[in-house]
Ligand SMILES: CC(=O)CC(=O)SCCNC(=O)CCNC(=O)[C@H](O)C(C)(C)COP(=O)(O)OP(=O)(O)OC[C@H]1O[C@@H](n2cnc3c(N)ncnc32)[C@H](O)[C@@H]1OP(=O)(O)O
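Only one chain comes next, encoded as structure tokens, the form predicted alone.
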């Protein structure tokens, strides 16, 4: 069976905002809707029936079991456009693109949207097991007295909501705690981390000044730019920040780590025939992708290093080396995670410890996250994949040719890599 080429033909997102700032009172659908509507307006999709829309949020309310379909029905797309929810932590947005892309490649659909959203400001609180049991029993009681009796069972502390902590269930550590171990294990210094963060902000500020994001972002709720960007940051300022996770001996700070973030993104994918029929440009093609997992319970330093494996498998299938690319987009969950990944790819001994035949190669840092990365723009978990695909597709389209490499790590020891070509 001959497969079709998967073209990236459009993109849109809303500005990303630090948790509890511009979108403090907005939910997932509130944020995803303007991202999708902006895409629909920009590419004249009003009333069109698309093959499918896929995406999701890492954290959803119980009422959002069909988040993407519900949101699509509130857009100007033909309401018969089907949709589904996916969730793979920080890989959600890029996994949605793989899902839609595979259906296009197989001829099952001709067009589709991959999207992702995160409303961290409105994370549902957990309740204590004792309170949950009491509420369920109270609901079954027929008399008012019986209901009151059940509701008096929990202690006062049981009524306190349990906030989201983002811990890995199998280790009890948050991502930052794991990445502190990563930094120590692989010898990643505080200075290296701060330098990467500083360059991320510099690159993004320059991209804004050049107008790179002008056709990529739809304003939402009074915000027209990402509000995590720090134009006035410096290495000196970053050096003054205190460790955020290991308070005594840590090197991870608020400056070289991504904050909890609200935001949404969307990418329009299509076959070449559909793109031409709808008079849409082919910005780039998705040609290869790979997903990998990694053991991180015994080896706690490796939680966010699954892309090490994904990259090797993908490059073998593509017949390419790590040095064959014009641009590299590596998700900056933490500066230490990026630097550790690069160090393993570059070092034969470290690569072999991971079971790789040899080091994959050295990346030219001047080609890395050239328009800024997650440390500058911030990181709404499920929306980051769409942002990165869009940025790389535009870079390749502006260049007129070339290859781009994507790497995104995720919770639970998973990671995805992807190749875009023009």
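Numbering follows the first chain given and starts at 1. These numbers come from a predicted model, not from an experiment.
Here the subject shifts to the form predicted together with this ligand, a form of this protein not shown in this document.
The candidate spot formed by 238, 259 and 333 lies fully in contact with this ligand in the model of the complex, as each residue has a heavy atom within 4.5 Å of it. Stretch-level contact check against this ligand in the model of the complex with heavy atoms at 4.5 Å: of 203 to 211, 182 to 190, 346 to 354, 88 to 96, the positive one is 88 to 96. Remark: residue 254 counts among the residues lining this ligand in the model of the complex, judged by a heavy atom distance of 4.5 Å or less. Put simply, residue 100 is far from this ligand in the model of the complex: not one heavy atom of it is within 4.5 Å.
In the model of the complex, at least one heavy atom of residue 379 sits within 4.5 Å of a heavy atom of this ligand.
Interface membership of residue 14, defined by any non-hydrogen atom within 4.5 Å of this ligand in the model of the complex, is ruled out. Put simply, of 340, 308, 217, 175 only one has a heavy atom within 4.5 Å of this ligand in the model of the complex, and it is 175. Think of it this way: in the model of the complex, this ligand has a heavy atom of just one of 315, 138, 109, 244 within 4.5 Å, and the residue is 244.
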